[in-house]
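Okay, here we've got a single chain as structure tokens, the form predicted alone, with questions on binding and movement later.
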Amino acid sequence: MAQRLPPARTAPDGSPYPDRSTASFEREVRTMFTFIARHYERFNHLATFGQDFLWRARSLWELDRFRRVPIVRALDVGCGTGEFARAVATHYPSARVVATDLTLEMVRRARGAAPGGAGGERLQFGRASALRLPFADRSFDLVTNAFVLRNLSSLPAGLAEMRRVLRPGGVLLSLEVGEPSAAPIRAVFHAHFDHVVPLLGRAFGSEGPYRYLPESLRGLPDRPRLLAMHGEAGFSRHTARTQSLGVVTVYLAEAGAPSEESR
């Protein structure tokens, strides 16, 4: 007899609120992102004061300083409405970009926002879990994800899976919210992230998801530990670079040394 999963948590306004301690966590994350898909981009731009545009662009500039192989095939994991995938396709105009997300509604919106013409032909969207990517080993030169790591039910498994699909010399780029080091900046960050963002979420009818965000950050390892986990997942070279006074971190990790056989 199949095990019955417990009902998902909800906030007082009835919006979903994932519980990492339950076996149904991945399902609850999918439900949450389905619930907020319609206003996801608009809310993020408002809550970050538009800084999320700069964070993506700067992360790709950091990637160019780190990588040692050309970017021909790229995969964006947990693509949401496709903003990072589109940025990658624009930044690397000769690359083909595949973007996946756990949530079907996010994938539909990403497809609808994809540009037409030649650029649009280089973008492909599909539904997949970051823990079970439907691609062969060594399929990509680049794997990206933005604000995804803290939503994985198993961070080691997610890192290992993204490592699996990278060619030797390929790079994993993870953009993630981080804990600012300076105490004054940390205080302002938590005042906004822990209190203002959930209030904005309530105004959008989505208090639960945006109360879950501070909780998800607390469950994320600190930078040194997260970097060590990249090494444990098989990445040979890795670094962390902060932006916006430590509010976000770009993690870059290389999957082994590049070689002629890898191309």
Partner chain sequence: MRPDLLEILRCPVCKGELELSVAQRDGQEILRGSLACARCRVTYPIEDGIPDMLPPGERD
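Residue numbers count along the first chain shown, from 1. Computed from a predicted structure; not experimentally measured.
There is another form of this protein, the form predicted in complex with the partner chain, and it is not shown here; the text below is about that form.
Look at 177-185, 83-91, 126-134, 142-150: in the model of the complex, residues with non-hydrogen atoms within 4.5 angstroms of the partner chain sit in 126-134.
Taking the partner from the other structure, the partner chain in the model of the complex has no heavy atom within 4.5 Å of any heavy atom of Arg163.
Proximity of Arg30 to the partner chain in the model of the complex falls within the 4.5 Å heavy atom cutoff. When contacts are judged by a 4.5 Å heavy atom cut-off, His192 does not count as touching the partner chain in the model of the complex. In the model of the complex, Leu104 approaches the partner chain with a heavy atom inside 4.5 Å. Among Glu41, Glu215, Glu26, Glu62, the residue placing a heavy atom within 4.5 Å of the partner chain in the model of the complex is Glu26. The candidate spot formed by Asp222, Arg225 and His238 is out of contact with the partner chain in the model of the complex: none of the three has a heavy atom within 4.5 Å. Residues of 60-97 that come within 4.5 Å of the partner chain in the model of the complex, judged by any heavy atom, are Arg73, Arg96 in sequence order.
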